[in-house]
Structures are given as structure tokens and as C-alpha cells.
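First comes one chain, alone, set out as C-alpha cells in the form predicted on its own.
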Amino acid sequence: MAYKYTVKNHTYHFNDLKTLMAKATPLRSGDALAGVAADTYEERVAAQMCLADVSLTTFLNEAVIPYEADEITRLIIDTHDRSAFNTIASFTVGALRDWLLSDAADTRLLQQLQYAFTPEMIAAVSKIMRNQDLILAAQKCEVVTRFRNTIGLRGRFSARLQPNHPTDDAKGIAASIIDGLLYASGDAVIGINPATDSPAHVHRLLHMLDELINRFSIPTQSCVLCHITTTIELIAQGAPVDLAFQSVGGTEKTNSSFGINLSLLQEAYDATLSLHRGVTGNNVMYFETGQGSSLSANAHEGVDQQTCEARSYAVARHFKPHIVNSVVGFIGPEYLYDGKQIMRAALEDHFCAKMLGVPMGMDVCYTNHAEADQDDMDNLLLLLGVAGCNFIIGVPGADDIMLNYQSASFHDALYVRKALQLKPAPEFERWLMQHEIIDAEGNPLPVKHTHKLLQHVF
């Protein structure tokens, strides 16, 4: 179906829905690189005005990637809640925006509509929203998950402790973990990006994390971020896997480039669930996403990178994950050029994920060749805290020495909790107080050289 909109006697034509959505997307370098972005600012506005008038039912009748050609499209259509959709079936994209910003759209109702929304509907409405709209609407969404603690409760803000080391030196990793714990980080997960995907190597790291968590009775979960096939192999060997990790994308071809498909993810989900290692719940998956992954894999199918990203959330939510994070600035300036584009993309990712029922966190990050700096990250961190983001990633000094990019530090999680009066996950907060790491108000306490955690490493 073709679309058109007239501005000042000039009529813009858009051949189909995916073209209209791409042209309506706020400017980003990845869409320009893919050749799908609007040619002018006026064309972008015309596309946004045209998109605002599109009925939500159109998204059920016109797939951006054909049903027959893509298993993610089939997943989206086959799991769509048509009964709940009746509540919003009369809306256009513009009417959906207005409704999301109204008091009528409250937390309970948005939770009921998670499967009435398709990723394309939510991606479309995000394209006509200002940054403050994305924050206000996302703030209403509460997506709560459980494993050994409870993540995503309103008024809580968690952190993934990322103790990466360029050679996976056990003592270096342990030192970073203790450092993070003493700065009250690690309630989302203690997650290591290993330097190698060797099963034997990952096995050693999993046992190291398991021993540490058990020794100090830490109410958190571990993850070694290896390929899902390695995790499946290690589970068969009896390895202590808490969360199974995998990067996922929004097209079947993208996931094929990652060496995965929905069947393989289901196998990993079933295997991890069979271990029964959860205490407060059974959310056993950890997914990572990010705008631009489909384009970098030459698998975007002519769809803009933000819509591809929203489609990856349909994959994630199907497996009831404990946590999901977008590595928003990690992919570099070819896809998100500067701090402004990174900030906009992060707010879009968080909004779209929460609307679809995904427990979204964020790696507040940038690469060293992007037009961004730590002030941009400070601004983004605060915006995400206000928007109700479930967690961020923290590394020592905000500098990941294994992956060579700039993220947030352990101090940054403390800052946003202090600035916005947020707390860690409740089980983790009690553990921090029991071990005299924070006081009842969440303030960090001085750490004595005799602290038990320090004795573990030194």
C-alpha cells in the first residue's frame, strides 16, 4: 500500500509502510548509511504527519517483512492478543500517542495491552514522540522479573556488575567484583564478557562466580556472556548456570548471522529452566540488543534500524527474560553518530521495550570514535532514571578494558540512586545493609580493611 502527504503544495509519496516508517525516523547515521532515511527535514516531517494518520489495524495487515519469509514476523503475528487489541483497534498512530500520554493509560492497563501492541505499532508511535513523551509514557510501565532477587519494581534501580578482564585473569575479575559490590552494584547480575568462548574457560568462570555468590549468600545471579550453544553444552555437563545469555536481532537473517534461531533459544530456555536455580522466580534468560545490528549483518530487509530493534523485543519477551539491555552506543558512530543520536535511541529503546513487556536496562555507553563524551552519558543516565529504566551496566572507572569502550561506572549507579531517591533490588538492599556496605538511607559506608569481601581476594 502506498502513502502520501502534502506539504506546501509538494506531495511526498511513500511506497509502503516500511518506507514510511524509515522516512519518519528521527535522523540517525545508520539509516542514512542504509539509504532508507528521509532526504530532507521536510520529508521527515511529512512522513511523520502521514504516519500519525495510519490506523493501528494497518500494522496487522501490512507486515514490514513478509510473514512467509521471516520467523520473527510469524512470532509477532501468531502471538498477537486480538482480544486485548479491541481496546485500541480504533486508534491511529497519532491517537495512540495522545492516549499513552493521557491519564487513561495507567500501569495496569498498559500491562494488559503488552501483547496487543506489535513492535511495529510501538516503533511507529515512538517516531512521532518527543523525548519527554518517551520518558513520561515509559515511566508508567512496570516490568518486574525474579530469579534470586526482584528487578524492576517502581522506586528501584539496579546495576549489572561487569568485571571484564582482557585475559580473564581470575584475581583481576574477583577484584573488580568486590569493588563493584562495595559500591552497591551487582543486583541485576554479575555478568562477565569472557575473552574467549572456550567451553572449558567459561566453565571455570561459572564455578568461580557460583562459589563467590554461595560463600557470601549474595542475593543475585551470575552470567558468563558466551554463545547460547556453549551454554547449552555446559548445562549438559552440569555447570552452574543461572542466566543463559544471547544477543538477538529483529530479523530472521540477523539472528542467523548470530548463529541462532527461535528453536535454539527455546532449547536454551528449557535447559536453563530445568536447573531450578532460581529462588524468588524463574526468569532465566538474559538478552542483549542494539540498534544497527541488522544493518551491520546486512540483514535489515530495507527496514529502519529502530523498527528492527523493536522487533527484537518480540524475540526477547517470548522467553520471559530476567533482564534485557540495549548496548545503545556500543555499535559506533556509523549507526548512531553523536551524543544526541545515542540519547534519542536509548529513550526509544527503553520506551518500546517497556511497552512490549520487556524488562529493559541500558548500557549507557559510547565508543571512543563517536562524537560523544561523558557529559552526554551523564545526561542520558539521568533521563533513563527518570523514565524508570530497570538497570544500567557498571564497570570500574566507566572504562571497559576488555571491550575497549566507555560505559557507566559503579559510582554512576550510586549517583542516580541518590539524585532520584531510588534503591537497589529489595533483597540485595537488605544484604548490603547486613554487610555494612550501605546504611538504611542507602548511603555508602566506609569500608574497613578487615571487611570479609576484601579478604576473599587479598
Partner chain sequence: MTEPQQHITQRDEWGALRSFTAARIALGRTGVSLPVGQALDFKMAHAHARDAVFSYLEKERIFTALQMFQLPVFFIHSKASDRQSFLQRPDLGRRLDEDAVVKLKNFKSKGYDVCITIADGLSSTAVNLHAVNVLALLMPMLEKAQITVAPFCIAEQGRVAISDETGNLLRAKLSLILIGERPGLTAADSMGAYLTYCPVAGLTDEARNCISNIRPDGLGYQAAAEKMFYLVRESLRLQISGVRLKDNAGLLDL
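Owing to the predicted nature of the structure, the values given are computational and were not obtained by experimental measurement. Positions refer to the first chain, counted from 1.
Missing here is the form predicted together with its partner chain; even so, the following discussion is about that form.
Proximity to its partner chain in the predicted bound form, defined as a heavy atom within 4.5 Å, holds among 128, 299, 262, 182 only for 182.
Among the residues 80, 165, 203, 317, the one placing a heavy atom within 4.5 Å of its partner chain in the predicted bound form is 165. With the partner left out here, its partner chain still marks one of 56 to 64, 42 to 50, 426 to 434, 408 to 416 in the predicted bound form; by a 4.5 Å heavy atom cut-off that stretch is 408 to 416.
At the 4.5 Å threshold, heavy atoms of residue 270 stay clear of its partner chain in the predicted bound form, well away from it. Although the partner is absent here, residue 33 lies within 4.5 Å of its partner chain in the predicted bound form, judged by heavy atoms.
When its partner chain is considered in the predicted bound form, residue 404 lines it closely, a heavy atom lying within 4.5 Å. In the predicted bound form, at least one heavy atom of residue 396 sits within 4.5 Å of a heavy atom of its partner chain. Candidate site formed by 68, 276 and 283: none of these residues places a non-hydrogen atom within 4.5 angstroms of its partner chain in the predicted bound form. Using a 4.5 Å cut-off on any heavy atom, the residues of 171 to 186 that reach its partner chain in the predicted bound form are, in sequence order, 171, 172, 175, 176, 178, 179, 182, 183.
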